[in-house]
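Structure 1 and structure 2 below are two forms of the same protein chain, each written out on its own as structure tokens.
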Structure 1
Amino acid sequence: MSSTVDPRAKLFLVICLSTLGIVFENIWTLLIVLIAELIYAVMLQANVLTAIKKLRKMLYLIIGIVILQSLFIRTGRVLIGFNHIKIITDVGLIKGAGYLLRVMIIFLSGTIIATSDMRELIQGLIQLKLPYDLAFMASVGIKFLPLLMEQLKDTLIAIQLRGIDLNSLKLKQKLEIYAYIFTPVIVNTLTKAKQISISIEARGFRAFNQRTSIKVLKFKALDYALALSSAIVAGVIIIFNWHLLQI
């Protein structure tokens, strides 16, 4: 199903739900938005399990931010304290949990968008009147991201193959090594960008003001249904939580 759905319908869905995730602060509202997004993600065959596994790698960072967030909230009943110093309060903890839910909503939005073919997504953006140059830049960036990651990995391997044991290095030396890893990647990226710009200019990029596309996206009944259901779900959540909005 996911490959047949127009990426513009998916963009509309993601904009609706992510906006709700940002606008509302109430933890129950955020939970409802997350559940709605999860249902849509499963329906669109998004790789939810892989996304959760990726999120698990950042678990310590997220928990750290949640705790940090709750440390700065002074209101509410003290759950953990030292003498008269409030460390964690119930309000702080709820705010932290709210932050966690928002991260998950945005992460799920990413997995829904990722179900679209990148070429179709860019075509969708162009048909939404985004300037072609910007859409093309985005598509080139997306294509080169895995290559950059591969280069970073190769450079790290090559450094170790020079007989340098990274585990035995002091922190200062490790930071120095990381500078050595990023420098060639940045230089190569700039060189590659220059080569690509020459190459695309040579192939007539921006030669004419009007461009045509081989594949033109068309909104079908399924796309209208998805966009309409997104608007209805967003509308219902807004109506039931209108009193929580601080306008």
Structure 2
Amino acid sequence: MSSTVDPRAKLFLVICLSTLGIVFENIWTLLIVLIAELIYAVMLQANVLTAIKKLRKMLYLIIGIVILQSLFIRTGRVLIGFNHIKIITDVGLIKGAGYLLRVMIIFLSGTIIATSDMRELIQGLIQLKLPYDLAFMASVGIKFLPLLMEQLKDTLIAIQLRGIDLNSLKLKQKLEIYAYIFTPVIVNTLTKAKQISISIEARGFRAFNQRTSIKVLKFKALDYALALSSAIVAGVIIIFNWHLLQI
């Protein structure tokens, strides 16, 4: 099903649900948005299990950010405190949980977009009147992220092969090692970006003002159904959130 769906319909779906995930703050509304996006991701045959495995590797970092965010919220009932000093409150944890749900919504949005062929995605953005340069940069950015994660993974494996067990290190030592890790990853990323820029210039990128395409995307009944259902689901969620605010 995923290969037959127009990427513009997927973009519309992602924009609808991601926007709701960013705008709304109620945790129940965010949870409903996440469930709806998960259902769409399964329907579009997105590789959800692989995305969850990748997200699980970042779980400690995300949980740390959630806890740090909750530390700055002083309202609500105190759950952890010291000498009348509020450290973590129930409102702070709810805010942190909302941040976690937003991260998962955005992560699933990227998974849905990744089900489209890169050439079709570029063509879809062009037919949405986006300049080709911006469409190409967006597609390269989407394709570049897995390479960045792969470089980070290779660097971690190289450190483990040198006999360093990250799980047994103290927090300070872990932070120092991660600081060393990101330096070569960033350098390799910049080198790769330079190589890509040289490659596309050598192939005559932007040689002509107007580009033609052998393939033109057209909306089919399935695409209209997906776009319409996305709008309906977004409208239902908006109404649900409005009713929650009235309670």
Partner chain sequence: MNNYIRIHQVSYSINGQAVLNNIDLSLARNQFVALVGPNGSGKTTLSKLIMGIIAPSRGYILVDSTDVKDLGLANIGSKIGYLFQNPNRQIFAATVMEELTFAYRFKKHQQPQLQQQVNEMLAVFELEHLSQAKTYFLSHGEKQRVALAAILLNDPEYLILDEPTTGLDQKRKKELSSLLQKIRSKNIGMLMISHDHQFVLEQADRIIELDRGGVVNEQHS
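Between two forms, the rigid core is defined as the largest C-alpha subset superposing within 1.5 Å. Just so it is clear, the model here is predicted, and its values are computed rather than measured. Here, residue number means position along structure 1's sequence, counting from 1.
#### Entry: Pair member which, unlike the other, is the form predicted alone
That would be structure 2, which is the form predicted alone.
### Task
Align on the rigid core first; then say whether the Cα of Y180 has moved by at least 2 Å between structures 1 and 2.
After core superposition, the C-alpha of Y180 moves 2 Å or more between structures 1 and 2.
### Query
Quick one: core overlaid, is T115 moving 2 Å or more at the Cα between structures 1 and 2?
After core superposition, the displacement of the T115 C-alpha between structures 1 and 2 stays below 2 Å, so no.
### Query
Core-aligned, does I157 move its Cα 2 Å or more between structures 1 and 2?
Where the cores coincide, I157 still shows a C-alpha shift between structures 1 and 2 that is 2 Å or more.
### Task
Align on the rigid core first, then pass along the CA displacement of F136 between structures 1 and 2 in angstrom.
Comparing between structures 1 and 2 after core fitting, F136 shifts 2.9 Å at its C-alpha.
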